[in-house]
Structures are given as C-alpha cells and as structure tokens.
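Taking the form predicted alone, here's one chain by itself in structure tokens.
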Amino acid sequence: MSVEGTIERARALVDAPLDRALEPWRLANPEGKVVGWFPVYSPLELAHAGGILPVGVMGGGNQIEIAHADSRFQSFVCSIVKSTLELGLTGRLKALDGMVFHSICDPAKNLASVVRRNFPELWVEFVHFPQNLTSPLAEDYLVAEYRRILDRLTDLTGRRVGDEDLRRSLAAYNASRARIRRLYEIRRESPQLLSATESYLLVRAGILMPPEEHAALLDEALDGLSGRDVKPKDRIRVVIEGSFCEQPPLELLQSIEEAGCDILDDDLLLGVRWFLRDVPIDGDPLRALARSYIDGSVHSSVKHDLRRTKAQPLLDKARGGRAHAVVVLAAKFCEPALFDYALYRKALDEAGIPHVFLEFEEKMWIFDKVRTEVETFVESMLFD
C-alpha cells in the first residue's frame, strides 16, 4: 500500500466514533476489556500486560457541541476536560469499561472525580505522579503507585499479571515508539517527505489499537516514505511547544504548514511517545517503567523536574533540530502551558530564537486569522 493509502487508513480510524474505531478489536476479543487513558503520561504497558486494550481519550475535538458538561465545571476550564465529560454524558464512552486519569493539573484531577460521580458503572482510577523528582524516594513511590494500579486492573479483569507479561508489553511499546522516533527523524532530516499533519495521523492512530498493530502500520508508512521524491521548499523550520494535553485541530496544524512552516518537532500526543529511549526489559519491569518516567521521559509543562530549567528542553529541541523558530501553541485556559510561556519567552529571547505565541481551542472552525499571523511571522524572517 502507498504511504498515502496508509495515512488515509489512519485518518479514517482517527475520524471514526470511538465505538466504531474499537469494533475490530471488540469482535476479535469479545471478553476483553477496554480502558481509556486521559493524557499526558500513561503507563499503557500495565493495561496491555493484562490483556486490556488501552485507548487514548483526547476529548471531543471540534466534532462535538458542549451542551451538558458546562453545568459540571466552572467557566475558565480548558476544552478537553469539558469535551471528555460531554463524550460520556452523550453516551460516546460506552465502548469503554474504565478510565484512568493523572495528577497533571487541577482540572484533570477534578475530571476524574466528576466522571466517577456521573458514571458509577465505569471503572475509574487515578495515577499520582511524584512531584519532586530529585527525591531519592521518587522511584520507590512510583513503583508502588504502578503496582497499585496493576492490582486495580486485576480487579477489573480477574487476570493476575506477571513480570514476563509486563516485559512483553514493554517490548511491544518500545517497538512502536522506535518507529515513531523514526518518523520524527525523517521530519527533522527531510521535512518535505512527511508533513506534520500526516505524521500526526499516523501517530494518533496508535492510541486506538494495540502496539503490535501500530508498529505494523508504521512499518507500512516508513516503507512508503522511502519511495517518496519531493523537492524541499523555501520554508522556515519550526518547533511547536505547548500542546502536550489538549490537541489542536488538524486544520490548525495544516494552516501553520501552509503558512510556510516545516514543523520539525512538537509535543503532540505524548501519551504514545513519552519516553526518549527504550524502557529496559531486563530486571524489575515496574521499576524500569518508573525509572524511565523519572530519567527518560519527554518534558512537558506538567512534569516538574527541578534538575533543569523549564525552558532548557525546548532550547535543546530547537537547537537539536536546527529550527529557525518556535511556535508556542497553547490551549486556551491551560494554566501549565500559559505559566511556562513566560519562561519560554525569556529563554528564547536570550537565545536569539524567534518565536510566536498562538492560542487554540479544540472547537475552532476558522483558521484564517492564525494563518495570516503565521504568514506574517514567516515573511518577517524570510525577508528581513
């Protein structure tokens, strides 16, 4: 199949309602359980090792009207929290047997309680990540937390998970993430071969299928990319930062690209690519998973690592990718991203890296203003 065909297959899966997207797996695993995971950092291996299909729940995007969820939250809350609840209130989460949330921010923590209260039939759990990664107890704490989640998943399925089950899952997700890293390498080395929009669809399809199937899908795409012959265009190389949780509309990414940007790197969909390198599969698998979060996971505004400044990972990403500029693309009302922008702006100014700030909501329909703003930014760099 051509790479275009593979990308369209990924797009069809991403655009499908959740129950339809999960239908093939449900038919093949009639007794199996499906658990949704709210972004950002999701230990999917724990569920996969128990025979559960972990799927990413990334809100409703721009395909859903918020009609009921507003009454459960205050006004100034990001879109993904409200649209995720709206999915449940309108029956769109019935394909799930449970959901897992994380301690990434106050709205995410509140969402877990609201979901539990509104859907008592749904299995709901919560991962507490260590807030002080410099503590020598952080690793032990996270191992204990992962073991607690594993026990709760056993309550859901009745299946006890052993170390070998976990190691197989670590290896499966390592294989999938290795292929995603290769996609990003291609974007940095030859961005004309793979747009950020295409890459996004290929990666996002992975939140809806087992890692083994996702690795096969990405192999198809990588094989197809080797046959593409596209000449580079006169564009600026940018890094996107700030969209680690709520996802921008696909049309917004297209608008930024069409305005003259090659998007070399980003912090989109961190849930399926949150480790910088493979998780070791020898030794204690839970400890390997915990240590990988502490020392080997991708930076975001909701990971608090006092061992380096907030802006340093962004500067490293921009310099490592030989980016000309940074686009800070933050969700409206996302406090972690908006707080960090002040730090990013100071560091980027001091480093002499041009940058532009854009704000988005899931439910955006008009992109002309953003496109014009980015075009002006690009022209100021190309013709200054």
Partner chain sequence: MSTVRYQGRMHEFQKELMGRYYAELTRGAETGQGHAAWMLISGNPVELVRAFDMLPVYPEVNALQLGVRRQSLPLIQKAEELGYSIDNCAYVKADIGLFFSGLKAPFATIPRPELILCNYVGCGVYLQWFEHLAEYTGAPIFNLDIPTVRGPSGRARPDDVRYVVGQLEELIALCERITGKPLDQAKLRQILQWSKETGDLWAEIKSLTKFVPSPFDAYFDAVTLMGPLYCLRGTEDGLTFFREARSELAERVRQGLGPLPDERFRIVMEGPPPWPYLRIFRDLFTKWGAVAVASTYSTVGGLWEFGFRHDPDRPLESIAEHMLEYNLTNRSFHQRYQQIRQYVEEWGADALVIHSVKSCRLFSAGQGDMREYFSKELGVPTLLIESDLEDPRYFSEAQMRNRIDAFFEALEHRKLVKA
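Positions refer to the first chain, counted from 1. A quick note: this is a predicted structure, and the numbers were derived from the prediction, not measured.
The form predicted together with the partner chain is left out here; the points below concern that form.
The partner is absent here; in the predicted complex, the one residue of D219, D295, E145, E258 having a heavy atom within 4.5 Å of the partner chain is E145. For the options A95, V114, I186, L156, the one in contact with the partner chain in the predicted complex, meaning a heavy atom within 4.5 Å, is V114. Shown alone here, A67 lies farther than 4.5 Å from the partner chain in the predicted complex, counting heavy atoms only. Although the partner is absent here, S176 is not a contact residue: none of its heavy atoms lies within 4.5 angstroms of the partner chain in the predicted complex.
The partner chain is not drawn, but in the predicted complex it has no heavy atom within 4.5 Å of Y41. In the predicted complex, the partner chain sits beyond 4.5 Å of every heavy atom of R160. Each of V77, K310 and E335 comes within 4.5 Å of the partner chain in the predicted complex, counting any heavy atom. In summary, the region of this chain contacting the partner chain in the predicted complex, judged by heavy atoms within 4.5 Å and restricted to 266-274, 168-176, 136-144, 225-233, corresponds to 136-144. For the partner-free chain shown, S103, D106, P107, K109, N110, S113, V114, R116, R117, N118, E125, F126, H128, F129, P130, Q131, N132, S135, P136, L137, A138 of 103-139 come within 4.5 angstroms of the partner chain in the predicted complex, judged by any non-hydrogen atom.
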